[in-house]
Structure formats: C-alpha cells, structure tokens
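So this first bit is one chain, no partners, the form predicted on its own, shown in structure tokens.
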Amino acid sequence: MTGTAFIADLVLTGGTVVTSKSRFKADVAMKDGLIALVGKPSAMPAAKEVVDVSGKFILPGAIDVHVHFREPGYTHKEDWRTGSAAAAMGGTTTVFEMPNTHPPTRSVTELRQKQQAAEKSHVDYGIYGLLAEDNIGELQGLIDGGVNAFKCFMGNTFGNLPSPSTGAMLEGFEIIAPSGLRISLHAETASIMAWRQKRLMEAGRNDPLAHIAARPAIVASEAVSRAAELAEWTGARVHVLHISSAAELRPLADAKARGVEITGETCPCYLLLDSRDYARLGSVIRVNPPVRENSDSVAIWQALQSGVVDMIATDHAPHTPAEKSKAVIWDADCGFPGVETQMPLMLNQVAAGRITLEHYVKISAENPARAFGLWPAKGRIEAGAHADIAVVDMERTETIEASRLQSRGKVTPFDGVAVTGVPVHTLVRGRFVQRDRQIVTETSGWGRQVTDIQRMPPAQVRNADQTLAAVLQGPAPVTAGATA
C-alpha cells in the first residue's frame, strides 16, 4: 500500500492517457465502476488485478449518438446483443439507439419494449423517442418516461416513417424544448427527394449514382436551415445527423453564430469515400444521405477540424448481404454497419497524420458527452468519471473483414481496408467487455441506460407565450380596471 485507503478493482499500468488537450504517462485505478485515481505508478493502490498496457494509449471510450440496433422488429439484421458486441469490439462504450424499429419508439409503451430489449447490451446506452406527425400527444409521456433524446425524420429512410410537416415539427419542438433534451434530425427534405426519385425511376435510372441524383445537397441544406429556424424560435436543442455535404455547413455555422443550440456529426463514410467509389462498391455504398463528391469530403474534414462539425458518429445501420446486393439501386436497403469500424478507421487517420489523437478524443468522446448531457460522468479519463475506457494500440495493423464483424449485417464498404490503430481492450464502468480483441460474452446485460446520469443544461425556452399550447387556450382575460 502507498497510503491509499482502498483496494482497487483494477489498475491499468504503463499506458499513456489521452485527453482532448494533452497526453501523459499515467496509471489508472478503478473502483466500483468509477475511475478512482490517475497518476504515477507509485501513487497507485493495491489492486485485485493489474493489467500492463505499456506502449498503449488509454482513451475515453467512444460515445456514438447514432446507431440502429434493429430490435424490436428487424432482428434478422441486428439485435441489442450483437449490436452492442460490435460497439464493444470497436472501442465504443455508450450508444444512443434510434427509434425506427418495428414498432417505432413512439410512446411509453414502445419505450418499455425497447428498454426490455436493451437489457442484453454489453455497453451503456441512451434511447431515442420518435418525433412524428401522429405522436405529438405522446411526446411529454416519452420525456417523463425516460427517453434520452428525440429523433425527427425530416426525410424518408429505412422504416418508411412519414416525415412530419413543418407545423408538427414546430409543435414538437415547443413541447420538447423545456426538457432540454436534444432533437436529432435526419435533415433531408422529403418532398424534393420523393419527386426526384420518381422522375429518375421513370427515366430508367437504376444505377448506383442515381441515388445521389435523387438526394442532391439542397435537400440537406434546406432542411438544416429550416430546422435551425424552428430551434431558434423555440429554444429547442437540435443535432444534425450524418452531415454529408459542404452545403449543410453554411447553415450549420450560421446557426451556431446566431446562438442556436445546434450541434452536428459526420460519419467515416462521408470522410473516407466519395462518388468515385460507387463504380467499385455498387449498391453496398447506398446510404441516406448519400456519399457525395470528393469536394464534400474535403469540406467536411475542414469543418471537423474547425469545430463547425462537433463529433464523429456512425449511423450503424446493418442489413443482410442479400438486402444490400441489388442490381437496381432503389431495391437495395440503405446503410451498413459502422460502430465496430469507426475507431479503427479514424485511428488510421491519426496514424496517417490527418488528425491528432487528442482531437479524436474530443470528437469521439468529449463533445458527444457534453452535447447529450453525459459530461462529466462520461467522456473523460479523470477521477470520479465512469471507467469507460478504450485501450488503443497505435502500432497494431489489422484488415477489416466483413465476414468477421460482430454485427449480423456482415457487409461494409470498408471490407479489405487495412488500418493501423486498434482498440485492444474496451471497458465499460471498469469491466472488460472486449479484451485482447475478443468479446467478453458474459458481459451481455452489463450495459445500462444513461438516464440516471444524464444532466442537460437548463433549457432557454423562447416565445413560450406563442406556443400552440398557449394560443389554444385563448387570450388572457382582461382584468377589471384595465385600460387600453
């Protein structure tokens, strides 16, 4: 003993801790699921287990605020056990799961069903509730019932959930704003896409590049602009999902400059692929919104560096190989797995000198933790935080293989890509869920919902006297003696 009055459950020794601002040699002691001490080896307490991670980097586990684990309703594609195992293998310790399951998470009834399915999770999780045209009356119940964020499908994607009208969106924003919960946006304008896809199909355009033509960048920039206006009016917090185009960056940056509570994410496919890859990948590359031009990728990289884009996520969206491999592009399901490959792909960019390891920590852990109310419990390697850790070997090289993915959707546009930099251990609240590149199978069920630690800043509701709920009550009565 070295003067400390406790016995740690686990000490990681010999590694280099990485924060969003610095890196330093330090050991990390864990007790009861929390980080108890970060410091020199001589300062460490006795421990039940000591693991030597010399030469490796100790990062806060990634927080992916955009995954689809497909349960209930589509478990042939994925379920909470396989999806969370993919997260654990990929160094991701917390996920936020989307509502376009079957049934969708549109009320407390479906929320309880989703929570029951999530009891298999290896990693911690948040659950999205749906904001749609037909469930406005359910939103407050979802808030009270423990959802961690909301999802609004402004454009059509898997599940074919109807996009709400702008009027319904405004009322939904008004209801959600006082809770402070963030509303994540599939920001594509449904009417433009439906019209253009219909015209392309009539013209016989069934090739992969027709998917980009059906969803030009204007569908994204218009939707981001519109949603930002609604957020500014109501005070709602919003988050732009899967940024795919340079065009979206202007309304996003403008809204931030005006003080709108808005954040944005992008995904590895929009950084590392472009329209030149359609000929090689065919229908496998189909995703909503589409992978676009190289100029879009360049602009998004710049925005990620400058802070206009706040974080990296994956839109993990598994389908079977048969559902992805279609001769007619419109028949191919949109999306592919990503939560297992995000960290290796981005660490490969660190190894190539494109970003720093510190900046990667900021966009993969710190910024999502702050934006979704998990900071300071998650997203950092400091005493008192959850012991959510990815131990990374920046010298290790692997090749991504679709057939070896933990996900049931064994198809990825990154099949065959060699990466340098791999998470060799993943810990959730101090417990190994992935160790030496193997899933710890008995940790299925270890994950828990983040509701008890989520703390969103106080909401700043605007125009409360003009909300639909307020005006439906009619004008305030004139008091006796009032004058014009």
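Residue numbers run from 1 along the displayed sequence. None of the values given here were measured: they were computed from a predicted structure.
Separately, the form predicted in complex with a small molecule exists; it is not shown, and the next lines address it.
Shown without its partner, this chain lists Asn100, Ser225, Ser297, Gln406 as candidates; in the predicted complex, only Asn100 has a non-hydrogen atom within 4.5 angstroms of the small molecule.
Screening Gly172, Gly335, Pro413, Pro251 for any heavy atom within 4.5 Å of the small molecule in the predicted complex leaves a single hit, Gly335. Picking from 31-39, 414-422, 63-71, 445-453 the stretch near the small molecule in the predicted complex, with a 4.5 Å limit on heavy atoms, gives 63-71. Using a 4.5 angstroms threshold between heavy atoms, Thr157 counts as touching the small molecule in the predicted complex. For Asp315, a non-hydrogen atom is located within 4.5 Å of the small molecule in the predicted complex, even though that partner is not displayed. The small molecule is not drawn, but in the predicted complex it has no heavy atom within 4.5 Å of Ile176.
Although the partner is absent here, His319 lies within 4.5 Å of the small molecule in the predicted complex, judged by heavy atoms. Although the small molecule is omitted here, in the predicted complex all of His186, His242 and Val287 have a heavy atom within 4.5 Å of it.
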